[in-house]
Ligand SMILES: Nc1ncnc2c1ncn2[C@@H]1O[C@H](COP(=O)(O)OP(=O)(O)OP(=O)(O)O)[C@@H](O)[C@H]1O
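For reference, the chain that follows is the form predicted on its own, supplied as structure tokens.
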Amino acid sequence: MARVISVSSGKGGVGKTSLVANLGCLLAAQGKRVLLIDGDWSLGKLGLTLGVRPNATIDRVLKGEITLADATVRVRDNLALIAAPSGRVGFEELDEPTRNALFYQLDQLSEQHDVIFLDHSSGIHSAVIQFAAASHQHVIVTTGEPTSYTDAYAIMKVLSKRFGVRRFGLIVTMSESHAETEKVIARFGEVAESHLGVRVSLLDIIPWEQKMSESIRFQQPFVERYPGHELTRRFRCVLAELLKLPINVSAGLQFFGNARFPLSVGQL
């Protein structure tokens, strides 16, 4: 069974989808079977970020035309994608039986992979919360701006208070001053831990990088376009730190409750 890693952000435009694509490519290159799921089922972008345009997307699964396995497309060696359409019905609008059926199919599909990354849409609507609460690890992506980390706090609050999640990994992107961002995020972590009773592990403060925009324009993950770049090295470090974090056992949803927990950095 796969380790399921939820990647969320309260605010859009923080580089979350690019982060998921790059971490997935790095892990797949290390020989692990990785599945990326585009959880923004109204405005899917993960396929474009990876440079693939799959014919089958999640909306055909929701219509009952194909299974979730049929919608899984190969992107690279060891890397697969379940893509989302753009401008279609969102997950939050599905009824509960349909959502549960989808969770069940995903749970079955997880047997074929080592790690699954869930790239959520931004915000705290049910599309994010339902999937995140069922995951084994929780990564929040934010910037050092108040509008971004305030929304990140809101996600942590809902997941901790409603579903008993007690551990979060935090990635800060687009930093123009490491020292200033570090001060802000240190305070943010202190507030979250004291008010919510959670543990926040800062995985990295990633600087703003012009070449990241270039890789997005060319629809090629940064780590593949610039394998020797310092930012690629930092992505590798983020991945290693992420996989060191313990598994969260949520008090809420347990769709992925049979995960094979022993996957560790030593196995990568």
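From a predicted model like this one, the values you see are computed outputs, not experimental measurements. All residue numbers are counted from 1 along the displayed sequence.
What comes next is about the form predicted together with the named molecule, which does not appear here.
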Query - Contact of Tyr226 with the named molecule in the predicted bound form (heavy atom, 4.5 Å) - result: no
Query raised in the report: Given that the partner is absent here, does Val238 sit within 4.5 Å of the named molecule in the predicted bound form, heavy atoms only?
Result: no
Query raised in the report: Do Met174 and the named molecule share at least one heavy atom pair within 4.5 Å in the predicted bound form?
Result: yes
Query - Any non-hydrogen atom of Gln130 within 4.5 angstroms of the named molecule in the predicted bound form - result: no
Report task. Only one of Leu26, Met212, Leu203, Ile58 comes within 4.5 Å of the named molecule in the predicted bound form by heavy atoms, so just point that one out. Result -> Met212
Query raised in the report: For the chain shown here without its partner, which stretch in 50-58, 238-246, 37-45, 65-73 has non-hydrogen atoms within 4.5 angstroms of the named molecule in the predicted bound form?
Result: 37-45
Query raised in the report: For 13-31: residues with a non-hydrogen atom within 4.5 angstroms of the named molecule in the predicted bound form?
Result: Gly13, Val14, Gly15, Lys16, Thr17, Ser18
